[in-house]
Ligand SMILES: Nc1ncnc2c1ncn2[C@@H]1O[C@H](COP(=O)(O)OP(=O)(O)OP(=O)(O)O)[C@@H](O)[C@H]1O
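A single chain comes next, written as structure tokens; it is the form predicted on its own.
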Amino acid sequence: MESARCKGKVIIKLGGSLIEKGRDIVRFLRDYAEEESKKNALTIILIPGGGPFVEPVRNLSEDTSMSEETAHWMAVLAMHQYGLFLANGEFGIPLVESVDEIDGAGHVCILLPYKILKAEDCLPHTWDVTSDTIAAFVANKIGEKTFIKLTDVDGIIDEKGHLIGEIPVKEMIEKEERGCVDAELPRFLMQNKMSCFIVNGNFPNRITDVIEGKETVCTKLS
């Protein structure tokens, strides 16, 4: 299996569906990165999802005359709230808001994307774009061509209930297949020649397997 690690950096989007275990996952990845860096340089960049923090925004956008522009930026700020929750002010996990801050942030950091997105505002302002596509955008901005999406399912399931090990994003677009990713992600990946591994964060060893290029339970979007 292709590794999600390139140039010593790994981009991981930590979905809001994992909020109950989110801090445990952050600690696990911090310990792993510190140990791994004794052998090879490794920086893990965590991008928070929106989770329960974005639901009030979605509800307001449906129930009021809120513009898509306003809803978009409020939803991005909901990612900041989840990032603050994950860091919790006690783990020693730095919060960064620009690409330039990453190199000095240690083995693990949580990236809050609002300023990066504001500076280069090129993503559609619709609910087709959520933290999945935002994570892909940030990874591409950093110079990484793959990232890991952590969620609470094993990956994309076919019509027979079987896990799909790998699926081309072109096929997803043609079939309008979404699975557990936002509607814009397949198009963004194809346009930028990127890939994404969907991993169940309830099984932390699967995360490190993907980082190291080992076979594991996941779905690769290629």
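Note that the structure is a prediction, hence the values are computed from the model and not measured. All residue numbers are counted from 1 along the displayed sequence.
Although it is not shown, the form predicted in complex with the ligand is what the next lines describe.
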Counting only non-hydrogen atoms and a 4.5 angstroms cut-off, does residue 151 reach the ligand in the predicted complex? yes
Would you check, heavy atoms only and a 4.5 Å threshold, whether residue 208 touches the ligand in the predicted complex? no
Just to confirm, residue 180 within 4.5 Å of the ligand in the predicted complex by heavy atoms? yes
Against the ligand in the predicted complex, would residue 157 count as a contact residue? Criterion: heavy atoms within 4.5 Å. yes
Answer range among 43-51, 30-38, 184-192, 167-175 for contact with the ligand, defined in the predicted complex as heavy atoms within 4.5 Å: 43-51
If you apply a 4.5 angstroms heavy atom cut-off, which residues in 121-148 are near the ligand in the predicted complex? 131, 132
